[in-house]
Every structure is written in structure tokens, then in C-alpha cells.
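First, one chain by itself: the form predicted alone, in C-alpha cells.
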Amino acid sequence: MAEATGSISGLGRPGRSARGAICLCLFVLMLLAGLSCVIGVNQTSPLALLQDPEAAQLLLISRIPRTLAVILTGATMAVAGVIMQLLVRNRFVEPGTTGTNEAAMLGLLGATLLAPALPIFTKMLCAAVAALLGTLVFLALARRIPPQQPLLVPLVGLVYGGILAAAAGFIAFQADLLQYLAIWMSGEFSGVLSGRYELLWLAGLLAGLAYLVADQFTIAGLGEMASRGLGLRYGQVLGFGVVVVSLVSALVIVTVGVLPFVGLVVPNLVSRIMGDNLRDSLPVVAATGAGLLLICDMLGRLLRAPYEIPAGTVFGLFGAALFLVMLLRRPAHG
């Protein structure tokens, strides 16, 4: 992989404009995170959080963990989406349209049925292995689709994911676990407390590792033949990308459930502005995914207060509308 990095001029570190965009995104994300910490059923001010012991406890046990969970989920799902799109070379795929999420739910369901006493980390590993196998099957299906038929790729993924979801639904119905399945399919953060979200830091670590090989992912997006011609070890990059996508999907589903459209909308939105060089765009993709999911989570807390609308539902509506707008508008970048 090192020879591939050296053969592409301009790769290796973000450009000046990219660094500016990254700083702006991080600044906005910090403002949103601060706002998220003071929004909830118990409305409070930043000053009260510092002076009132109960408010400070609420901040440490609930508000900060929830905010961190939203940021980690949005950032890592967006990164998983852009990696999947580059590996498949198709803008219309994400873990939710390739059967990855459904396979992870099948793995989690199997672990819950066969060994309900397993610790949550072991169940997550079962879900990750199932997600990995499910993703590999989708990639095998995608390689059989003619390159001149790109729209068939997401269609095949949706059909494949639908079959896996139907199998999970049938098993859950037979085992009286439909309520568990409904929880995993509805991404929301109301139950996130300190001690119940820390697995998401592993997803954040995986996203950080993905950034270390961002140049290789960019080259892999040119296709297998072009990548091998540039000296890239395509198989290794493909395998690493699939492992990152599968583990991130499993960690998110086990912790907060499925979040639709994050991995589909955010990479397309950033790509239209910054292009496909992941060394420049991946931090912006992560920050944008985290920021948009944070906004949707806060809207879910405010729209029907004191009740909550799951962040996955809000982002599903917002993401579908935004994706339709992007489909109907011509990209501003190349």
C-alpha cells in the first residue's frame, strides 16, 4: 500500500481548504454538543448545571453520555457509508441497503436465542461475524452485476436485505422476540446512560483507523484493475473496509439500533462539495454525520416534549427528503 500512496501526487495530508472545512465542522459540532447537554425533559441552563449538584449529576450520567453516543454513532455510520460506497463503486449503497444491518440483527437474534446469558460484548461479536458474512455475500452478488447497470446494485441489496429481514422477523415471531427486533430496528438514544454506550468508542476507534488508510480507500474507489495497476494491495484494502463496515454496524445496532440514511446521505452530501479524496473529506463526513444526527436527536426531544421521537425516525424523514433533493439537483463538484 505504501507504493500506491507514493505514486499518487497530492495525497497524504489534507489541503488548506480541507483543513478550514474540518475546523468549521468541528466548531459547529462543539456548539451542537453543548446545546444537546442542556436540552431534555428537565430543562436547565448551563449555569445551573455547574451550580446545582443534581443538575451536574444529570449531566454526567445522562446528557454527556447521550451526546457522545449520538456523535459517535453519526460519525461512524457516515464513515462506514462512504467506505462501502467506494468499495462497491456505487453512490446508492450503505450498510442499510447491502444487507449488513439485517445480517447483524440475525446474528444478534441467534445469540440471544441460543445463549441468552452471553455478555453484551460477545453478542456484539456474534452480530459482527454475521454482518461480515452478510456483507461478503452482497459483494459477491454485486460483482455479478454488469458495470453498466449501476442502479441494479442497490436494488439487489434491498432485495437481499429484505430476505434477511424477513428471516429475522419469522424467527423472532416464532421465539416471541418481536419486541427485541423492533428495538434493534428503531435507532434511538433515550436509554443511553453512563456505562451503556461505551462500546461505541470501539466504533470510533475503527473510524480513526480507517482514516489512516484513507488514501488507499480513495484509490480502491477507482476500481480493482486501476488500483492494482497503481500498486495497491486491493484485496487487503477491500478486506479491511468490509471488517470496518461490519464491526461498526454491529456495534451501533447492539447499542442504539438501526439508523437509516446516515451512511447514504452524508457521504453524497460531502462528496458534492469536496470530491472523493478521503484524506480531505473523511473528517468532514464524520463531523457532518455526527452534527446532523445530533440535530435530529434534539428535534426528537423537543417536537413532542415531554415524549420523544426516536432519532432514527427523524433522520429517516430528513434523510429521505435530502436525498431526493440531491437526486434532482446536479452536483456542484466535478
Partner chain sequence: MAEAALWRMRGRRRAPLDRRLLVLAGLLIGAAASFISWGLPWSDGAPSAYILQLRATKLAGLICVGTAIGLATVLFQTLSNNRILTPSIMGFDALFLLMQSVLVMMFGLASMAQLSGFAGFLLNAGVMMVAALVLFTGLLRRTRGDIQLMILVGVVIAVLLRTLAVFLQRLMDPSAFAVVQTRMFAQFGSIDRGALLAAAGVTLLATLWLLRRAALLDVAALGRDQARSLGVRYDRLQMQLLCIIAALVSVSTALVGPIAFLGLLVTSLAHSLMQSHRHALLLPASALIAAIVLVAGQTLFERLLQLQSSLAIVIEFCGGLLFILLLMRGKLR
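Please read these numbers as outputs of a predicted model, since none were measured by experiment. Residue numbers count along the first chain shown, from 1.
The next section is about a form of this same protein that is not shown, the form predicted in complex with its partner chain.
Exactly one listed residue, out of 221, 257, 169, 241, brings a non-hydrogen atom to within 4.5 Å of its partner chain in the predicted bound form: 169. Scanning 212, 151, 114, 225 against its partner chain in the predicted bound form with a 4.5 Å heavy atom cut-off leaves one residue, 151. Contact here is defined as any heavy atom lying within 4.5 Å of its partner chain in the predicted bound form, and by that definition each of 145, 159 and 261 is a contact residue. Contact annotation: its partner chain lies within 4.5 Å of heavy atoms from the stretch 169 to 177 in the predicted bound form, the single such stretch among 225 to 233, 123 to 131, 169 to 177, 79 to 87. At the 4.5 Å threshold, heavy atoms of residue 31 stay clear of its partner chain in the predicted bound form, well away from it. The shortest heavy atom separation between residue 205 and its partner chain in the predicted bound form exceeds 4.5 Å. Put simply, residue 309 is close to its partner chain in the predicted bound form: some heavy atom of it is within 4.5 Å. When its partner chain is considered in the predicted bound form, residue 23 lies well away from it, no heavy atom lying within 4.5 Å.
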